[in-house]
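In structure tokens, the next block holds one chain alone, the form predicted on its own.
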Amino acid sequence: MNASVFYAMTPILVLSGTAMALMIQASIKRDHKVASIIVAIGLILSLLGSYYASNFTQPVTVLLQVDNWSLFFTGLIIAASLIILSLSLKTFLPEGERKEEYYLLLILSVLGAVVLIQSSHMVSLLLGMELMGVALYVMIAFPERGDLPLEGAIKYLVLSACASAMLLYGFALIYAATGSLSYIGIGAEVARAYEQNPVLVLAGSAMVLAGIGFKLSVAPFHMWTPDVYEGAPTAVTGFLATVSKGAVFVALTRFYIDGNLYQYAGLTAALAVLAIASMLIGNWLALRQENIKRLLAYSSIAHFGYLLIALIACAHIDIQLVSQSITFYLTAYIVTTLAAFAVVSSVAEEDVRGQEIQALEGLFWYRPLEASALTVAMLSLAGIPLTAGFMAKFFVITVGVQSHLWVLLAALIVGSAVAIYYYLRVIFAMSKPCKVKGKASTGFDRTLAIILMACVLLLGSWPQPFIAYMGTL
């Protein structure tokens, strides 16, 4: 390996070095503030490293593909992790003598997400997914008080283990059919393998897609999502909804495109069923939720159903347009979801009652900036014009129309119409007259709310610069 390969791996190397620095720091002197500062410095350096690595894009062995597209999502995921870190500081401040381990788990989970984003081989796919997942099990169960975090962690652990076993078996079937584990190698051999043994190829691919579908919590693999979202600390829930799911979808996109899986009607039909089920089930079940985190859980199920439409369109239109629509949608979704969880983390308590939609009543009257940010986030998730969510759905609808995916588009329209109701419920609750003054606002809460709200509005009202930038990826 020459020097340029190490330069290309700068984000991964910096994150790995940060994890080692945290372990050394904890063995010398346990200190909550020092650990958080080390993580913040490591994330900032790795964010700068992702920009620096863009000058050295190349395959790193057969396991990783460092290109502009993966580096963009690497930077986006690391920036989101910085926001999650800031939300975690208040959440885990009173956690006794074991606070420092959380920051090590966070940096290891981010490292797994970056490996997942840059993976070009099934070994690196599984390595990144498990590194991210194993750290997440503990992060979900980290709070010492209450049974819900432990319950959510156990559910996620058991079901995730089943999904990982399904992934491994799917990898084995694909390897038996194609003789390769790299995405490009599979793409080169899958046509020949399909002619010789179509059942083996379809069964292996279906099992891999099902395992990844669990990580994305698309229906019918969504059963863990509302309970884990509700039980996990709000900062960890935000990490699950943005960093974890975003990294998995990027990995799925690369595997699906590089492996040429879009040319098989059986897999496309299976994805279409998952997309329709996710859009309808996610939005329908969200109508009945009184807990804001459970509502956002079902909302995320629906949104990844929308995203699957763009992936299905690979079989009909130019891959570059599909890639751009996925890039815009994921970016808009991550920024919008971060805005929502940032406000929920600052105004809602960690107990179940504090997370009810009723707990947000009167927010406009005593914390208007945070209420405005949450309003913009809800409108963006609903796809209202002048928000990032509207432009994201516009991209997905465009590729759907060009691909003639009319049934999927009909499900998107029905799901979006249903979703408007429960998003407006949150806004209506915040606008009710306030009888009792809530928690005081801090300068950090206001600043973060303004920044994220501005990002959502900027992506929705002036998307041209970002669209031009996507053309260079």
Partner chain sequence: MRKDPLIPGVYCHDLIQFNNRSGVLSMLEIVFFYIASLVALIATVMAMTRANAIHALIYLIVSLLAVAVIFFLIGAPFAAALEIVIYAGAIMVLFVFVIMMLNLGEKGDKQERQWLSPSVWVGPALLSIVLLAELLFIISDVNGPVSTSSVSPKAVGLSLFGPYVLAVEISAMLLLAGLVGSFHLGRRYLERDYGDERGKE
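Residue numbers count along the first chain shown, from 1. Just so it is clear, the model here is predicted, and its values are computed rather than measured.
This next part talks about the form predicted together with its partner chain, which is not shown.
Next item on the list: Indicate whether residue 290 is a 4.5 Å heavy atom neighbour of its partner chain in the predicted bound form.
Entry: Although its partner chain is absent here, residue 290 would stay clear of it in the predicted bound form, with no heavy atoms inside 4.5 Å.
Notebook entry, point to check: With the partner left out of view, is residue 415 within 4.5 angstroms of its partner chain in the predicted bound form by any non-hydrogen atom?
Noted result: Contact with its partner chain, no.
Next item on the list: With heavy atoms only and a cut-off of 4.5 Å, decide whether residue 50 touches its partner chain in the predicted bound form.
Entry: Residue 50: no contact with its partner chain in the predicted bound form.
Note to self: Test of understanding: in the predicted bound form, would residue 142 fall inside 4.5 Å of its partner chain by heavy atoms?
What the structure shows: It does: once its partner chain is placed as it appears in the predicted bound form, residue 142 has a heavy atom within 4.5 Å of it.
Checklist line | Full three-residue contact with its partner chain in the predicted bound form, heavy atom 4.5 Å, for 356, 420 and 426 | finding: Answer is no for this spot.
Check: Among 285, 371, 274, 138, which has at least one heavy atom within 4.5 Å of its partner chain in the predicted bound form?
Finding: Contact residue from the list: 138.
Check: From the list 331, 164, 260, 346, which entry has a heavy atom within 4.5 Å of its partner chain in the predicted bound form?
Finding: When its partner chain is considered in the predicted bound form, the option within 4.5 Å is 260.
Notebook entry, point to check: Tell me which of 319-327, 80-88, 234-242, 363-371 has residues with heavy atoms within 4.5 angstroms of its partner chain in the predicted bound form?
Noted result: Answer to the contact question: 319-327.
Notebook entry, point to check: So which bits of 45-77 sit within 4.5 Å of its partner chain in the predicted bound form, heavy atoms only?
Noted result: Residues within 4.5 Å: 57, 58, 59, 60, 61, 62, 63, 64, 65, 67, 69.
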